[in-house]
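Quick setup: one chain, the form predicted alone, written in structure tokens, and binding and motion questions come after.
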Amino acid sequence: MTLGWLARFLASRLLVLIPLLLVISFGVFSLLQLAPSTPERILLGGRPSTPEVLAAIRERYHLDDPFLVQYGRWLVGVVQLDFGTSIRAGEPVLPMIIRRLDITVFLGLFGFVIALVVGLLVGMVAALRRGSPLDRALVALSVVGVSAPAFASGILLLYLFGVVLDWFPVFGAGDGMLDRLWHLTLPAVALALSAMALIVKVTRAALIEELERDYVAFARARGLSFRRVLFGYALRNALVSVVTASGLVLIYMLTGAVLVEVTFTLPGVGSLLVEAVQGLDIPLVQGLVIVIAVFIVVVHLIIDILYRLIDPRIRFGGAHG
């Protein structure tokens, strides 16, 4: 992959992603207009007011300007990383999100690693034992896993391993790396269970398909060991599909963390979003949605680049001779 190809590819993707983010930002800003109250009363946060106070708020926040003018002013602030001020906390939105972000990122990456490693191993075993009782049992367990909501799995794990067996703490995020790993193991497993099922299914199907291709038979006929063919050729080609599923899993880890963080009383972005929605903190909700949307867009961009790294035959933006 040359730097020229990467620059052209990024430019072509940005031509699509920037308008997409603009559409998302427009929808997010419209939340203020769609809320079941006037903007100035939302900004007051339920505090008592007088007509003079309401008029002062409308003047301060330029609420009498046309909608598109308000949107343009807000968008300029977002580009400058200014998401406004939280109604509930009375402080800038971005620092509030950043303070909560480390727990959510740690939890998401922890769950992602568990789902990816266990899902790949189980999917490989199921593919290599295709049609056996072990294969059917693993597939059945993956169906159960994908059918269980993360918050339901979390409550079960919390009760069994936190209350009954007392192996893990039942709340809090911990201090320091090892303590945090200990505190976030149960939430990460709960988050990974349903996503793991997708990795198992995709890995199994992709590896079975690759093992049935002609190049595997030719390689075996030339005397290459099955292990070398499996890890050197079949698994690498199957990873193209797994990367797609992994991107979806990584996105799910952030969005699915909302309910898991509430279940385990974790002070992350998910619980912050719940608090913002319950308190009608529109600026905070807008900031959180924009941050999550940017994260999803960046993950999809990284997945597209990884395609090229895993399989050089894949080309973007036209075929190569």
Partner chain sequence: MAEGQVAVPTLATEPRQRGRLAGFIPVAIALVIIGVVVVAAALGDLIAPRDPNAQNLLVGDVPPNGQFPLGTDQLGRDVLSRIIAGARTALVGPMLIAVGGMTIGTILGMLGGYLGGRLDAIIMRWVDLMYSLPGLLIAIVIVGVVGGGYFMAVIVLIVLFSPADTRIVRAEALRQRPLPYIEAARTLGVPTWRIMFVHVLPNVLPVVVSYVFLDFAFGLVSLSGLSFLGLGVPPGTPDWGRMLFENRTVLFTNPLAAVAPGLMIVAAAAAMNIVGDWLYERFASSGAGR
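Residue numbers count along the first chain shown, from 1. Note that the structure is a prediction, hence the values are computed from the model and not measured.
Omitted here: the form predicted together with the partner chain. The next part is about that form.
Not one of 134, 161 and 241 places a heavy atom within 4.5 Å of the partner chain in the predicted complex. For the options 125, 89, 248, 116, the residue carrying a heavy atom within 4.5 angstroms of the partner chain in the predicted complex is 248.
This chain is drawn without the partner chain; in the predicted complex, the residue among 178, 144, 165, 75 with a heavy atom within 4.5 Å of it is 144.
Remark: of stretches 147 to 155, 79 to 87, 180 to 188, 92 to 100, the one touching the partner chain in the predicted complex is 147 to 155 (heavy atom within 4.5 Å). In the predicted complex, residue 211 approaches the partner chain with a heavy atom inside 4.5 Å.
In the predicted complex, the partner chain stays beyond 4.5 Å of every heavy atom belonging to residue 231. In the predicted complex, the partner chain sits within 4.5 Å of a heavy atom belonging to residue 20.
Interface residue remark: residue 31 is counted as part of the site for the partner chain in the predicted complex, having a heavy atom within 4.5 Å. Taking the partner chain as it sits in the predicted complex, the stretch 217 to 255 comes within 4.5 angstroms of it through a non-hydrogen atom at 217, 226, 248, 251, 254, 255.
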